[in-house]
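This document contains two forms of one protein chain, each encoded as C-alpha cells and listed individually as structure 1 and structure 2.
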Structure 1
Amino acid sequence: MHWYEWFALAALAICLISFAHHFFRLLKLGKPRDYSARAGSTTRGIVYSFTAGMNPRNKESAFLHLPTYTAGVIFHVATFLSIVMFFLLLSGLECSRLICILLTLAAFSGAAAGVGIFIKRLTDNKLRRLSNPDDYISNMLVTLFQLFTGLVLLNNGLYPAYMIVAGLLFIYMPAGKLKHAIYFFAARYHLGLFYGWRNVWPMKKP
C-alpha cells in the first residue's frame, strides 16, 4: 500500500472517529421533553419528515428555487456514489464498463452541480451575505472529490492525486458544515417529532 493510500485511510479513520463521537453525543442527549398536550402521531411525523417532507413542494421556499434544489439533489447523490466508489477503488475491485461509465457521468454531473452552486453562492447577493468561508471550502472540497472520482475512472494515473483529494475531504468533514452528514438525520428526526406531536405533520391536503 502506498503512502497516499495510507493518508486517505488515516483521514477516513479520523473522520469516522469524530462522527462516532457526534453520533453518541446525540444519543446521550436523548429526546426533548414536550410539555404540551399530544395532538398527533410522532411516528407518522417522523416518517413524513424523511419522505414527503423532503419534497420541495412541501418546504417553505424550496419550491421557489427548483433548479437550485435539483442541483443540490444531484450534488448529494453524486457525493454518496463517489464515496462508494472510493471504497471500491481502494479495495481494487473493478466494475463493469457500463457501471464505470454511469459512475463517471454521475461524478461529473455532481461536480458540475457543485460548480453551479459555488457560482450562485458567489454571485447572489443574499447567499453571499449568508455565506462564510466554511461554505465555500466545503463546496469546493466535495466538488473536487467528485471531479477526481470521475477523472480517475477515466485515467488510473490520477489515482495518487485522487487519494490525496479524498484524504483532504475526510480530514475536513468533521471540522466544518460537512458533519451535517450526521446531524441531518437528527434534525429531520426532531422536526418530525416536534410537528408530529402537534399534528402539523403529515401535512393535510386542502
Structure 2
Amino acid sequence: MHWYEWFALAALAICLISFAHHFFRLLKLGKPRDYSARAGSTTRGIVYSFTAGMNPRNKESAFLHLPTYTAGVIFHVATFLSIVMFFLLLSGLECSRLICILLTLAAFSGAAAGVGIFIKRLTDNKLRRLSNPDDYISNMLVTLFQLFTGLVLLNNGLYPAYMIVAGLLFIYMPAGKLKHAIYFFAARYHLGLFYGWRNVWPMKKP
C-alpha cells in the first residue's frame, strides 16, 4: 500500500470512529418518553416518515423547487455510489466496463449537481445569508470526491490524487454538517415517532 492509501484509510477510520460515537450516543440517549395517551402507531409513523413522508408530491421543498430537488437527489445518490466505488478501488476489485461507464456517468452527474448547488448557494441572497463556511467546504469536498471518482475511472494515473481527496473528505465529514449522514436518519425517526404517536402520520386525506 502507498502512503496516500494509508492516508485515506486513516481518514476513513477517524470518520467511522467519530460517526460511531455519534451513533452510539444517539442510541444511548434513546427516544423521549411520552406520557400522553397514544392515538396512533409509532411503527407506521416511522415507516411513513422514511417512505411516503419523503414523497416529493407531499413536499413543497420538492415540488416547488424541482431543479434544486433533482440536483439534490442526484448529488446524494452519486455520493453513495462514489463511496461504494472507493471501497472497490481500494480493494483492487475490477468491475465490468458497462458498470464502470455507468459509475463514471453517475459520478460526473453528481459533481455537476454539486457545482450547481454550490453556485446557487453563492448567488442566491437568501441561501448566502443562511450559509457559513462549512456549507461551502462540505459541498466542495463532496463535489471534488465525485469528480475524482469519475476521473480516476477514466484515468488510473489520478489514483493518488483521488485517494488524497477521499482522505480530506473523510477527515472533514465528522467536523461539520456532513454529520447529517447520521443525523438525517435520527431526525426522520423522531419525526415519525412523534407524528405516529399522535396519529398525524400516516397522513390522512381530508
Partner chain sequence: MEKITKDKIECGLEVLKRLQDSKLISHLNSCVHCGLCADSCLYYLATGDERMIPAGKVDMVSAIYRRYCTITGKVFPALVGARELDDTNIREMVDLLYGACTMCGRCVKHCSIGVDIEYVIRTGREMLAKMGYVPESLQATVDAALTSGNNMAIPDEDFLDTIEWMEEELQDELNDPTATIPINQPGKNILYTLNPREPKFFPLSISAMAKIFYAAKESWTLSTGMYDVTNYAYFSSHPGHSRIIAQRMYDELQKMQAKKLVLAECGHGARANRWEGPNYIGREFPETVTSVELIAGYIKSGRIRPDRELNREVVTLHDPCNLVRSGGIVKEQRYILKNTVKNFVEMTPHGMDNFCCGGGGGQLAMSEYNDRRIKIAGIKAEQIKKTGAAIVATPCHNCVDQLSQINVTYRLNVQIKTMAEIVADSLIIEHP
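One-based numbering along structure 1's sequence throughout. The term rigid core refers to the most C-alpha atoms you can superpose between the two forms while keeping them within 1.5 Å. These figures come from a predicted structure and were not determined experimentally.
Only structure 2 comes from the form predicted together with its partner chain.
Core superposition gives residue 35 a CA displacement of 2.5 Å between structure 1 and structure 2.
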